[in-house]
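Just one chain is shown here, as structure tokens, and it is the form predicted on its own.
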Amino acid sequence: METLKKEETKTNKQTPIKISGAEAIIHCLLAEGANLVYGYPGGAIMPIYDELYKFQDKLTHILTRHEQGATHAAQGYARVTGDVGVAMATSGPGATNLVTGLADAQIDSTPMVCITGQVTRHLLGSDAFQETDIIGISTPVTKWNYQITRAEEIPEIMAKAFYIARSGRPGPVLVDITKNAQFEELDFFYEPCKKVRSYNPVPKPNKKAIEAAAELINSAKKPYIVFGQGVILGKAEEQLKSVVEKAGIPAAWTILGLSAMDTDHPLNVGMVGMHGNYGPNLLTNECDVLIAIGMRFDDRVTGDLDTYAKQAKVIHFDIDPAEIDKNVKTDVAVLGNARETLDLLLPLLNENRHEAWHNEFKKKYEIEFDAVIKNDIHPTKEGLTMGEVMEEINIASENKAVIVSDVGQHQMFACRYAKFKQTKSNITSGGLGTMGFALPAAIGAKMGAMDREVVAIIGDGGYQMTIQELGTIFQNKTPVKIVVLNNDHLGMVRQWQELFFDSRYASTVMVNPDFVKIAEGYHIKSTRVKERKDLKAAVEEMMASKDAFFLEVCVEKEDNVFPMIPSGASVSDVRLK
């Protein structure tokens, strides 16, 4: 089977070849370097799957157990590698099952290309078997989408799809391909896309804005940085570190910004947000210059906007003009890739230390440690806590693991207590908050980083939403480590019910199956821990395993995650209990 090599596409010296549309899809994927695809076959995409079979020595397809699992696996792969993740599904329910993953990738800026089959062109709009208007459905949750109805469209549209997905602020793209277009032949020639009319993915930095930002920072007495995933997506980790160290600015992270800076760096002061650290939240309303880098002022970070950082001058570094002034009024907006804009900012900054300001964060940390942290990671009560489980994982992994967390209390404990030395180490569903994300995302993350340990941290509720992906782990012998923190409740909802609904636990108590037996049914080595004396050895056994490993830890049923900013409250109203 003739294959167009990726390097040939760069020279533009191809000779067109006569192939089917289905085969053209495979050539497009290979030309873009996408040699790993997650998906689930069906009638409307069967021609492409037939070509996948023929090209299996060059392109690996991972059969997930559900199409949603395919999208989350593609997300995990994309987040840990920085490359575009690829997922495939058939028409109708196969396509609609991708929507949650598309929405998750859209709000978390994850580069992904989803390919769906569709009924034959002449049946469009006829309510044919398994026909769904996936273009109309996915429009609000994709960066771009397109329906191919003729084979000759395939090279140009696929090239455009990958370019849009990975450029600027990344995001998901969906390409829907009618069955006739898969069967039709075309003269195939592939040219990577380098530009799209009216699409400017990376704004050119404005030097005057950068100079104005530097002037504000240099004159500040209490400057404060909050950095998000834009630092990671822009490959600006070293630039952030240089700015922080030169200007002596305390820096806090959003949950998607976690791991962009070493967690033990002396100027890394912790996490902002609803369950962030006490000082970083409280002192947001005491800084005089707030520097936001690659973050979008999400409501879980800001709380009540009417009281958020009103005393501060706000500098916003972002690649997306739509984020400027969307939630928080900006005094200086610096558009562009964070790597480029921070490089331009660095020589304009004065060296500083701001020791008195740093001491304010240290004092607040001591308060939080005594009130919360020591009880989370070194508890004296009988029951196990999620915080101490994370601490044992940190020790056993030497802070080198990729942590993939699901959504709920365990997510907040994971983000608060996981420690990292390497970027792209924290993978979670941030903006959409998708329960069921972690297990398939961990599969993708491990396949994208086989040289690293990947640990999924999951609650008993979210685990059961995608538990079928244990089959994907078993079939592919993917050596992920799975930790279920089981409190027999939908923990985060239960916490809110306790605090704000007089402990009326409406539909949050879970009667769970035997998770260990289920994992063993998939031939995954498993163990359960109920007592503190067994935790350390179990974690060490898990981390030492060369194969997939399932660990269930039975934790306190009514253990809450603090600090906490009540929904809609000011960051100044952060609670320690």
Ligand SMILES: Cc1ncc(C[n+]2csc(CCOP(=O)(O)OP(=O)(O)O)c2C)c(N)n1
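Quick caveat, the model's predicted, so the values are computed rather than measured. For every residue, the number given is its place in the sequence shown, counted from 1.
There is another form of this protein, the form predicted in complex with this ligand, and it is not shown here; the text below is about that form.
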query	finding
Option touching this ligand, based on a heavy atom within 4.5 Å in the model of the complex, out of G387, G459, P250, G257	G459
Heavy atom within 4.5 Å of this ligand in the model of the complex - the one residue of Q409, T284, S425, T90 that qualifies	Q409
Stretch in contact, per heavy atom within 4.5 angstroms of this ligand in the model of the complex, of 307-315, 150-158, 186-194, 427-435	427-435
Contact of L490 with this ligand in the model of the complex (heavy atom, 4.5 Å)	yes
Contact test in the model of the complex: A214 vs this ligand, heavy atoms, 4.5 Å	no
Exercise: M465 in contact with this ligand in the model of the complex, heavy atom 4.5 Å	yes
